[in-house]
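What follows are structure tokens for two forms of the same protein chain, given separately as structure 1 and structure 2.
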Structure 1
């Protein structure tokens, strides 16, 4: 990465926070302290549980409690025990509070208007397109990848979603029991690995590495949530698995895949996997791939290549 690139990010940072900051101070500076305004806005039209508010705004519970009391004193919100769990409180806006909420919402709309209004049609379109791209890629860059226990809740949730999707996409449906298995025990370090990708804390993808021989590993369970596709997550999962494979001394990676998973096949082809004859009897597999010479290619010096555009 070049210095020039960092400069660009910093310039962006400055301009954007300058422009959005000023206007969004205003958006929240509604004659009401920032904390209260944020809270009021976060409660929303439909109300919310105090617990969720605390997490979303990451506020100290005492502080939040006091803020809520203040809103209640001003007649903007009311709270009562949540049905189901009497420990949690549910807050809702009063009609007066809803009016304030609308005012805040309008302010945030005004920001958008004041940003777009001075521009011509063409510039406006370009700004919006660029904003969408920045937003998408910044979200992509906030995706984290980490190893987890394949038996953990998040991992199991990913695998279930993965199986459900296979069931849907394979012409003949999918029954995990008939597929070549990957026992959770095989996907635990140091031999194997199970990793998941998270976006804002939520799991949005997974991948696994299984060791099949002294120098041969197998890629399994590669999946990305439909909502998170096009962010280059599969590429990063694959890279992470390859990196681990190298670390534990593997030199060859194999995998099988179904003919209806086109993106997957494109991904593997892009990353140097070559099609080989069947190495197993997985009834759902139509294509088998192999990548040799991992160590050479994934040495620390080599630069990243590719990544979904």
Structure 2
């Protein structure tokens, strides 16, 4: 990345933080800094679990605890163990806290009006479109991808959602028992790999690599939640699987897909996967793809010459 790119990010941060008034200890006239005000707002009228607040706000446990204690000392919030699960701590607003929440909501609305009102109609449209794009890309940059046990709760959640979508989209429905195998035992090292994409701590996508031979692997279980599409997550999942394939010595990747999955076919085509004759008897497959020369394409030399970074 270029120096000017870093400088643009820093200029943007300075303008935004100054314009929306987060530099003082009196955010929106609440008499408290942004951290406390934001936490109060996120707890909301219905309350929230501490774990969810930590993930949603990307706060470490110690700092979140200090903020919560401050709200409790001010009589704005209370916390207790959740009924039915002593491991879960739940926070709720007091009557005083709900009154403060309503005031913050009104002031936040007034701030939004103050940002938009001075602009002409076309300027407002441009600003709102830019905000939408920045929000989308900022959320995309917060997505994390990591290997997990394919038998874990989050992995099973992703795979079940993936199967439900295939059932809805395939012309004849989908029965995983009839498809080619990708059992959990086949998706753990050294036999393979299962990875998950997370957004705000929640699983929003998955992908897997199954090793079929000494130099051949197969891409399986590629899925992104509808709510997280358009963020480039599928591309990152595919790149992560390719990187792992190279690291374990594979030079060829294959995959099959159904004709109804147009987005998947476009993803593979733009990443250098070429259509090949069928290499399996998957009854749900209409297209088979292969990518050769993974080691060469992922070498430092090819990247310097102009390969994908």
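Residue numbers count along the first chain shown, from 1. Small disclaimer: the values here were computed from a predicted structure and weren't measured. The term rigid core refers to the maximal set of C-alpha atoms that superpose within 1.5 Å between the two forms.
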property: Chain form predicted alone: structure number out of two; result: 2
property: Yes/no, residue 120 Cα shift of 2 Å or more between structures 1 and 2 with rigid core fixed; result: no
property: Rigid-core frame, C-alpha of residue 282, shift of 2 angstroms or more between structures 1 and 2; result: no
property: Residue 47 C-alpha relocation of at least 2 Å between structures 1 and 2, rigid core basis; result: yes
property: Once the two forms are fitted on their core, CA shift of residue 84 between structures 1 and 2 in Å; result: 5.8
